[in-house]
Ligand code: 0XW
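A single chain, nothing else alongside it, follows as structure tokens in the form predicted on its own.
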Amino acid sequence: MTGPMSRTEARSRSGNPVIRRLSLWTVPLTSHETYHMAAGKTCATVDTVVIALETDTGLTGWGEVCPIPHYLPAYANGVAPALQEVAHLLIGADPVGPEALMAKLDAWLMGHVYAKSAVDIALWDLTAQVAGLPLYALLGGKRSDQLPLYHSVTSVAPDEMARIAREAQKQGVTQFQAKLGASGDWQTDVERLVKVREAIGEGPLLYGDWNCGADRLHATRVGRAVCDRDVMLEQPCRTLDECAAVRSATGLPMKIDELAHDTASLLEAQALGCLDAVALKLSKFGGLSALRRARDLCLHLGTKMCIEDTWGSDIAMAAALHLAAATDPRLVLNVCDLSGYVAPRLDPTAPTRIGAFICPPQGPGLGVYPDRDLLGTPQLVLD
């Protein structure tokens, strides 16, 4: 009987690098302003988790996940224990071809997709580096040189939201997400949408987002009150059935966010008639491997996509931008310049907003190079 291969033997047989170390850091990201959302949720300073997969050839793959507290079943302090559970599958493994290795992780540790998301991103980074190609080349090839951005407006007083939207519009932005529900009453949400629409004028895309914080009656009353204002609604309620009922009662298009987390949920939303647009977020799906499959399904369904992540900085943003750049631009609704909302930047040389657009990174792999001095000493090292 032949025993397990040594790392050197694995390297010689595959011709690919071998992962020799996993390092993990936790970095507090402070938003440029506190984001207020429905049901008392806020986003001010949030921990992002950065990982590095280092190989025996000197290549390093980077990953990131940044769960917002009280937003989804995910939390930053859960990442390290989850990765400790699967470290024995990663150390000594061939990183090239992420889906094969991710299948082993899924079989060993069920769920915890947010933690696995960071690993999957790092594996794709390494795979593209080994190929000597930008990551978008492995995700379908670059279809867009620049990607449209939206600007998220915090849920505060209606006049202040209108001011924020006007300022963003001066920078060239033509797509606006107005956060709703922070005050709890439907009349103020109506005023928020009306004031923002008046501030930006007719034409720009405007959608009101409750982040699951509204009940069916609240969302329906708001939708009916603004049905002549050319707005879209985003994720008002906690179930797809309720979101579909709001769409039917108001006649307004619907964007699904929190409840889109795998291909089955996309198909359910499509069957209910409420999948006019969708937010495809890396940490909800478990990384680029699963998000690419969701992207392809949306291409088949004809669904407009916002391709992004829940929160984060340059690594997560770069991964999303590569997938968006490799997607038919007719179905890319927008992307988000995540690192433009927070400080510090993990890679100050990474892409930034240019007017209403942002470009995908260049160079092999993700094309981002986090500042190790900024990261400091790893919180966790597994080898």
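A residue's number is simply how far along the shown sequence it sits, counting from 1. Everything numeric here is computed off the predicted structure, so don't read it as measured data.
Keep in mind that the form predicted in complex with the named molecule is not shown, yet the notes after this line are about it.
Contact annotation for residue 346: none of its heavy atoms lies within 4.5 Å of the named molecule in the model of the complex.
Under a 4.5 angstroms non-hydrogen atom cutoff, the named molecule in the model of the complex has residue 177 among its neighbouring residues. Taking the partner from elsewhere, residue 357 is found to have every heavy atom lying beyond 4.5 Å of the named molecule in the model of the complex.
Interface residue remark: residue 150 is counted as part of the site for the named molecule in the model of the complex, having a heavy atom within 4.5 Å.
Annotated contact segment (heavy atom within 4.5 Å of the named molecule in the model of the complex): 203-211, selected among 222-230, 203-211, 184-192, 115-123. Contact annotation: of the candidates 332, 46, 52, 37, the single residue with a non-hydrogen atom within 4.5 angstroms of the named molecule in the model of the complex is 37.
Interface residues of 317-348, taken as those with a heavy atom within 4.5 Å of the named molecule in the model of the complex (partner not displayed), are limited to 336.
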